Structure formats: structure tokens, C-alpha cells
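Next up is one chain by itself, shown in C-alpha cells, the form predicted on its own.
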Amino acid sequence: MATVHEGVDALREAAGKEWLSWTRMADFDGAPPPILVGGDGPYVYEADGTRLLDAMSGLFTTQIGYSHGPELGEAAKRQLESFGFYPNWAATSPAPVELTRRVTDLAPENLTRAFFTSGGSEAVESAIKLVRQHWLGRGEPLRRKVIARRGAYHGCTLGALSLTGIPAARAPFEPLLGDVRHAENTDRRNYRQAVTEEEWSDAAVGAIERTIVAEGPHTVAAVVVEPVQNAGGCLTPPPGYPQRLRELCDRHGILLWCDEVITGFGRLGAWFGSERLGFDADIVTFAKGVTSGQAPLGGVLFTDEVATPLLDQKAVYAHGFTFGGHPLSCAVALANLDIMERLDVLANVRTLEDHLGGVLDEVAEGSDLVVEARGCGFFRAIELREAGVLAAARDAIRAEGVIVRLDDRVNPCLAISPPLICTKEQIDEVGAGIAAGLRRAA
């Protein structure tokens, strides 16, 4: 358990010099950002000793919470003592080999190949290039276009950002890749004419099919979707949507790619959310939860069919990263997966997901600020009626001892994704903190 950090004044003085990711640094021009110095279970501690329940798992990352640093550290220590680092360019080492075996065993059985990166954006970038080389190897060079969905976020490299369907995120860096088209996502409000869930599913898949037909199916390489779309507030697909999307891709000979940087490794109560929801993907990108965020690692899983053209052509996958498949990160990932299995976190998510959903529904019903709560597994969001109150709500909830994330990229939402080890009592604590914070904000 953390105590007050002895050098807190010196830390605060220096903290404003670090340029933080996705942060409006002007907010900290006169005061330092929060400085976190430790954790325990689902809680983190600030330098002054303040304890907060991290209802965001860092950034959808820390599946096992904050109590397992010593065990993960021992795994890293053993790896460094045995073999520190050698790039996986025409060579490998035991840790990435073992992680490949482990991850492909956990994945749907058709996903038999793994390529490792340092994080999620790199994984998405790698998949774009893999898709391109697959079709070149198949002798279909016109298949370059990728269909993504409006409102979806897929990463911050220029290629991954090209897939992102959020105009404000794209605007500072345009022009981006030209071979990306965006179709409507699964937000129920986009299909008001649909009366039943089956009609909703048909309409949402139909939006993608119209885009494919308009572009010419012979020019489309892949369709990329998150099993549950994060930006917009945990937009879950209607029943039948995954299966209909798979059927659509098969009909036009298109690869189906599920971006599981968030939904992979337990967030939806399964190792991969695409499998639980029935997407049957040809390609899966992952990151975040594979190490519980304790070391940088991401990757791409894909089928033998995706790999075959490169093998048949004896082609080089003309892509890679110096630190892809880093043995240290792979060793930490293996230890993290051991802990997840020992704690049976997937069963915990499935046992408590309805309780979490019920708690957040009750919060939503009790606040005039809220449109609704929605989501799946331990991946949830509360949509507010006005974007202008988001920051005040987030800050008020933090003052009640709970960390949530503000997300105004599509719909004004509070993101809620607690560590997968949370108990029923801790979920109740999350709900009470959010409800009290919303009352303050109102």
C-alpha cells in the first residue's frame, strides 16, 4: 500500500515539464497533473496519499489490478538475467515463442499466426500492411481499400488514424491514406426505421454492404470493426450482426478484421470479444490487456489463409519494429496470463457483468444529466445529455474517489472499465462514486 511520497514537492515541480499523451497541457500550466505513486487491487494512490478506485483500468489495460507488481517484476528479472534482448529479425528467443503458443491457444482456433508489436497503434499499422501484402500475393493488387466504421478509433499512427472515423482526430494530420471508406456504426439511433433487433442488424450490415458495392467489391481488401465500438460509448452490435457481417465478407471475398486492442484479453468475459460475440475474424489486433499494461506489447493474430500468399511467393513481410516481440514484454505477458488464469478473471467478469450493468443503469435512471448506460462485460459507458458537463462530472466523480474517463469524441460519455478482479462490493463503490459525482455536477 502506498504512503505519502517523500519527494512530492520535487515531483510536482518537475511534473509540468513532461508532455503528456492526449492532454491539454495548458490545464497544468499553473498546477501539476496528478502524480500516481502506487496501487493495491483496483486502487491507485496519489503522491499525497489519496486513494482512488481506478474504474478505467488505467486505459482499458490493467486487467489484474495493481497488486501483482512483485510477481511480474520477478518474471522480468528472470528474463533479463537469462537473455535481455535481441531483435526478432530472422531470429527469435524462448519468451516470444512461448507467448505465440500461449496466445494462439487462447485465440479462436483458426487464428494460428502471431506478429508482435510494441502497442495497439503499431498492431493496427501492421495489419494494414499485412492485408496489402496478402492481396498482392494473391495477384489482386486492386484490393487496397479498407472499410471502417464512423466514430471508431483505431490508433494514432497515420495508417491507423486513416481507419479512424472521427473527423476531429483526423483533421490536424490530413491528408491521410486515401484507400479507406467509412460506413455507419451500430448505434441504434442510426436506424430509427428498424423496429426489431433483426431489422437493426440487417440495416447496420446493409450500411457496410452499400459501401462495398459503391466502391466495387474487387477493390475492397478488408472490413475492420471493434467487436464493441469504444468511441461513441460502448456501441454493442445487435444480435446476428457478427454472423451477417461474416457472411457479407465471405460473399465478396473480403477479409474480416476485428480490432481488439480494448476488447481482447478478458474485457468482455472471454479471451477475445470477437469469439464471444461470434465475429469469426480472419485477423485480430490486440495490445493493452495482454500485459495488463505492465510492459509495452501488442500484436496481430491471423489465419493460415492470410499467411499463405506470402509463404507461396517466398515473400518478405516488408515490415517490422526493432522492439517487436521484445523478450522482456513477452515474459511479462506470460506472467500476466498466468495470473489471469489463476484468478479466473474471465469467470469473474461473466459473473458480475449483469451486476455492473444494473448498478450503472440505476445511476443513469437517478440522474437528469444522463441519457443511458450501456456496454458489455466490464466495458461500459454512461452517455450524458450535454458535452459541457463532462469535465465537471469527471472531476466530481474523482473527488468521490473514483476514476472515470471523459470521452467527447462522438457522443458525450463517461467511460467505465474497471479491473477484471473487481468484487461486487467494489462495483457498488464505483456506482456510488459516480452517482455522488453526478449529483455534484448537476
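Just so it is clear, the model here is predicted, and its values are computed rather than measured. Start at 1 with the first residue shown and count on from there.
Keep in mind that the form predicted in complex with a small molecule is not shown, yet the notes after this line are about it.
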- Out of 154 to 162, 367 to 375, 172 to 180, 235 to 243, where are the residues with a heavy atom within 4.5 Å of the small molecule in the predicted complex? 154 to 162
- Is there a heavy atom of residue 299 lying 4.5 Å or less from a heavy atom of the small molecule in the predicted complex? no
- Is there a non-hydrogen atom of residue 326 within 4.5 angstroms of a non-hydrogen atom of the small molecule in the predicted complex? no
- Going by a heavy atom distance of 4.5 Å, is residue 149 a contact of the small molecule in the predicted complex? no
- Interface membership of residue 131, the small molecule in the predicted complex, 4.5 Å heavy atom rule: no
- Is every one of 107, 264 and 275 in contact with the small molecule in the predicted complex, taking contact as a heavy atom within 4.5 Å? no
- Note on the structure: Students should find that, of 119, 137, 293, 269, the residue having a non-hydrogen atom no more than 4.5 angstroms from the small molecule in the predicted complex is 119
- Task: Would you kindly say which of 360, 124, 75, 255 lies with a heavy atom within 4.5 Å of the small molecule in the predicted complex?
- Result: 124
